[in-house]
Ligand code: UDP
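Next up is one chain by itself, shown in structure tokens, the form predicted alone.
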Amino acid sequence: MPAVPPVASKTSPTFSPNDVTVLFVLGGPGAGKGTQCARLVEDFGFTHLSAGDLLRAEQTREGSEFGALIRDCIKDGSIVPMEVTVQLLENAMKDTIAAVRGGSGGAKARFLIDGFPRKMDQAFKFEEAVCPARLVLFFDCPEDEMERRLLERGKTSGRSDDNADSIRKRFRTFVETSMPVVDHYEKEGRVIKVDATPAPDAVYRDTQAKLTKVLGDNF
């Protein structure tokens, strides 16, 4: 069994929300989260961290103590233990901040954390151990449209989970475990909901307008 990540035992956040801004980016598989995040990075200087990309990279990283566990979870369409995902995110945030600051204080950092948290316990652990989130950006898209997009992507992506069986498992997992996260943050007034059905340019215009309304010009 892999060792327990250091984040598992932490009870106070590594980063202050005064210095680090975190937006969780949620939506079903194929809702277009990555596409919209890329535009926000380009135009507004966020750092985009994809929980899925970090997990996929870790499963093939030489010497990784979590690689086999992550591979099995992704193959089965199940959720990787939260401590592993939270630790990978914290490590990536530390690396980004160190690069921006050159090892010294001063610069503020802003992160889009894509595809996370996928469960309530992940949300609580991240905010407890890493940094409280400012907002959840939720891209809402019908299941049939998401399936169409993923099957199209699967023709060229090479991803083992871009097939019909894995896609349907991922839909079920999202509805059962991730929608309660959206509902929780919505009750706290921390959700921006965007209709992700239109073409990407239209979705991005809506995203910009809604973020500006809540966070101000240039965010």
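This structure is a prediction, so every number in the text was calculated from the model and none was measured. So that there is no doubt, residue numbering starts at 1 and follows the sequence shown.
Beyond what is shown, the protein has a form predicted in complex with the ligand; the following relates to that form.
The ligand is not drawn, but in the predicted bound form it has a heavy atom within 4.5 Å of I79. The ligand is not shown here, but in the predicted bound form it comes within 4.5 Å of a heavy atom of C73.
Residue contact check for R153: one or more of its heavy atoms lie within 4.5 Å of the ligand in the predicted bound form. Looking at Q87, you'd find every heavy atom of it more than 4.5 angstroms from the ligand in the predicted bound form. Checked against the ligand in the predicted bound form, the candidates L40, V194, L55, L49 yield a single residue with a heavy atom inside 4.5 Å, and that residue is L55.
Each of K33, F116 and D161 places at least one heavy atom within 4.5 Å of the ligand in the predicted bound form. Heavy atoms within 4.5 Å of the ligand in the predicted bound form are found in exactly one of 25-33, 60-68, 186-194, 41-49, that being 25-33.
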